[in-house]
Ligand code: NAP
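One chain is shown next in structure tokens, namely the form predicted alone.
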């Protein structure tokens, strides 16, 4: 059982805990980790900085926030009853719909009793003498745990640009990743949106309908495809649910963790031009991004093959946007399609045909400062009543680097990762025993259906902890040599593709001073799963399993 001692800090009661497993983060990963740790009979608690669970889907409340994976795929797979009972109202779920689903899961499986909200983990230290982690919260509480699962998320540290003068702006400003829970009313206002990545592309059409005038400040245009979203029709939902177990298994062994897209066998360059164009048109009308990413076997590895799809999308942009000058500003030319996050939209390009929308090119005339009245570029000042930052996140490593994570007497993780993140399988870091990452750098996480990757990681971690419990193993630590080999493999796979060509957040390009290291594993979800299974089958090859302190579990 959990040993808990309550104490009062100011007017807040906090708890000192002794646990088997401390879980940092109350999003999709943290909640599933509770479910699995309970199944082992271990004491576990989630520590969540927010006032509610949901992680990404709790914080990102901006207008138009929506998943870019179809609802029937973007869901937990651990309960067939849950699969059948939950009804998604749309093909692509909105943020409120997904958050409602997450809360339903938390309540249905009684997970919330082991979640401590409004609690940020500030530091965590491992003691090799006791094989335990000591975590400290921002409220002064101390947590002792045998194992620590970092479920901190890949897109959980918003990046607000350090623009000169932001503090002087007399209007209101907000960031897509820290949107006010009560929403923002832009009616009758002059609004500036800075950033045209996925969040910007989703919010721009909706804010344009509300604002008196909208200025879109764009540094780099991105490729975006139509979602072709709509209500969830029975002829889409019923066949999918009838084959849910088979579709889940297909997704687990696929490239991106999504069913319905078999591995391609044909080269784009081998297909006749008319046939290829017809295929691209079918995918455009079908909606979604996975179809494009999996349409030809050389789409992401051959620049000439990729260009056939890139030019198709550019022609679509030119056909939609009536002003030729604006259309050319929106046409991406600096990266192969799909090498940055391939965005989905509803009416994005059409928005630039509105009289109240102005596209501002801040590559040729960069933003110099935020003034009392608005935004000043190298060319002019734009008077604004409100600013919305859609400038993304310190992806994949930001949340982990914010915590003072270390082994007693040794360097902090932030220092160890000074030249870029290094992990073994994206699951563990050499030199940091009994700590596990969920969808960490070096795993397919952000290049996959995230919930599927979350479940695979948590299941794998659960099996390893059970293995340790059954053998009275008290310390699990990745070998440096195994980590080096994995990092080399991740880089080798990435370098065989077009991904590293782009200055994307996959390499940290959106964060000034962040080392340029390609972080995701892009060898495919199925390939990665097999490699993880092989490691487990070989007695957790690449891990040092030691110690003899007993950790009992139920069953």
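Positions refer to the first chain, counted from 1. This structure is a prediction, so every number in the text was calculated from the model and none was measured.
From this point on, the text means the form predicted in complex with this ligand, which you will not see here.
Exercise for the section: Within 4.5 Å of this ligand in the predicted bound form, counting heavy atoms only, one of 325-333, 460-468, 240-248, 213-221 shows up; tell me which. Expected result: The contacting stretch is 213-221.
Practice task
Check whether residue 390 has any heavy atom within 4.5 Å of a heavy atom of this ligand in the predicted bound form, and answer yes or no.
Solution key: Contact check for residue 390: yes, within 4.5 Å of this ligand in the predicted bound form.
Handout entry: residue 123: touches this ligand in the predicted bound form, heavy atom cutoff 4.5 angstroms
Key = Contact check for residue 123: no, nothing within 4.5 Å of this ligand in the predicted bound form.
Practice task
Indicate whether this ligand has at least one heavy atom within 4.5 Å of a heavy atom of residue 155 in the predicted bound form.
Solution key: So residue 155 counts as contacting this ligand.
Problem - this ligand contact at residue 199 in the predicted bound form, heavy atom, 4.5 Å - result: The answer is yes: residue 199 has a heavy atom within 4.5 Å of this ligand.
Problem - Contact residue in the predicted bound form, from 195, 442, 192, 257 (heavy atom within 4.5 Å of this ligand) - result: Answer to the contact question: 195.
Handout entry: Listed residue (271, 184, 112, 362) with a non-hydrogen atom within 4.5 angstroms of this ligand in the predicted bound form
Key = Of the listed residues, the single hit is 362.
Handout entry: in the predicted bound form, residues of 66-101 near this ligand [heavy atom within 4.5 Å]
Key = Contacting residues: 66, 67, 68.
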